[in-house]
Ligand SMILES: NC(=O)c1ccc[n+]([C@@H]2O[C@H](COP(=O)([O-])OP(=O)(O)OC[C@H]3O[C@@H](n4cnc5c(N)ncnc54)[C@H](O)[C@@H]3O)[C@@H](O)[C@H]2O)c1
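As structure tokens, one chain now follows by itself in the form predicted on its own.
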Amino acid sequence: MGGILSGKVVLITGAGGAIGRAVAHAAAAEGASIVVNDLGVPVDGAGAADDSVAGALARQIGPRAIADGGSVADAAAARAMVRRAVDHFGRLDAVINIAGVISLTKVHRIAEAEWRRSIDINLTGAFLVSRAAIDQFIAQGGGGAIVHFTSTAALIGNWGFAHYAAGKMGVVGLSRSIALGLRRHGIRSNCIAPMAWSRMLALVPEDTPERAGRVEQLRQLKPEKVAPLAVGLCADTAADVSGQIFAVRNDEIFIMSQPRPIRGIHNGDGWTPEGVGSTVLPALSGSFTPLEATEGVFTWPPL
């Protein structure tokens, strides 16, 4: 079968969700063989697993897909996903880390267990799967691609997802470190912040007219629109693209900024705390980043 991923093997975590399913079907349509991973837990990650989720999707895709119901937060399970790919298809060429959980809890109400569960799946899970895949990429030679899913809740901010945002910002640092540290092995790593309607966005409240209007706009964001970028970043045509952060909103694809110095101030005699307050902060204040959530930055309707 032809396609830009013809002959490649791709492991997709969290493939049972709306975005994951769209990515899995798109990768298969481009000729990839796929390990479909999904633990089948509720959106907050707190409930029981359902091992039928991955199997059902693999059967939909067809004979070039196999199911895996392991948890990304378990190191042995992460290694087993990679072994399953190699045992069944002979190699592994790319990982798309979509698996994640979210709960709508304000930061001052997040319990320790909720925090740890979020970080374990959203950040540690991305590391464990990437770590296992990297070993395989190096062993087989020829490099490999990792596509991580981050969030505008981390890159820009939001009011009720501190544990989720912290983990997803950690994914950005993880991706950048992989890109810098493993480029000599031909291993590349990029991030996507998807804006698409899913069970995660369905948590956004509609308790005011403004929020209801915002949710109605969010419902117009199609998960299928995220898939082309995720698949394209795994292809050989993206071999020179690494360490980048993209965002997708329907037919719009953005390259997101990354932290760099934008303005500075120098005092050859050094600074005092008083001088910071009287001179440094006023001088730099024009370059401060406003306290805006995602909707304050993406102010136009989806295209």
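Numbering starts at 1 and runs along the sequence shown. This structure is a prediction, so every number in the text was calculated from the model and none was measured.
The form predicted together with the ligand exists for this protein as well; it is not shown, and the discussion that follows is about that form.
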Self-check item: Interface stretch in the model of the complex with the ligand - options 98-106, 82-90, 175-183, 138-146, non-hydrogen atom within 4.5 Å
Solution: 98-106
Quiz item: Is Ile19 one of the residues lying within 4.5 Å of the ligand in the model of the complex, judged by heavy atom distances?
Solution: yes
Quiz item: Taking heavy atoms and a 4.5 Å cut-off, does Lys168 contact the ligand in the model of the complex?
Solution: yes
Quiz prompt | Exercise: Ala73 in contact with the ligand in the model of the complex, heavy atom 4.5 Å | solution = yes
Exercise. May I ask you to state whether Met195 is within 4.5 Å of the ligand in the model of the complex, using heavy atom distances?
Key: yes
Exercise. Could you tell me which one of Leu39, Ala32, Val36, Cys234 places a heavy atom within 4.5 Å of the ligand in the model of the complex?
Key: Leu39
Practice problem: Report the residue, out of Ser189, Ser130, Thr150, Ser118, that has at least one non-hydrogen atom within 4.5 angstroms of the ligand in the model of the complex. | Solution: Thr150
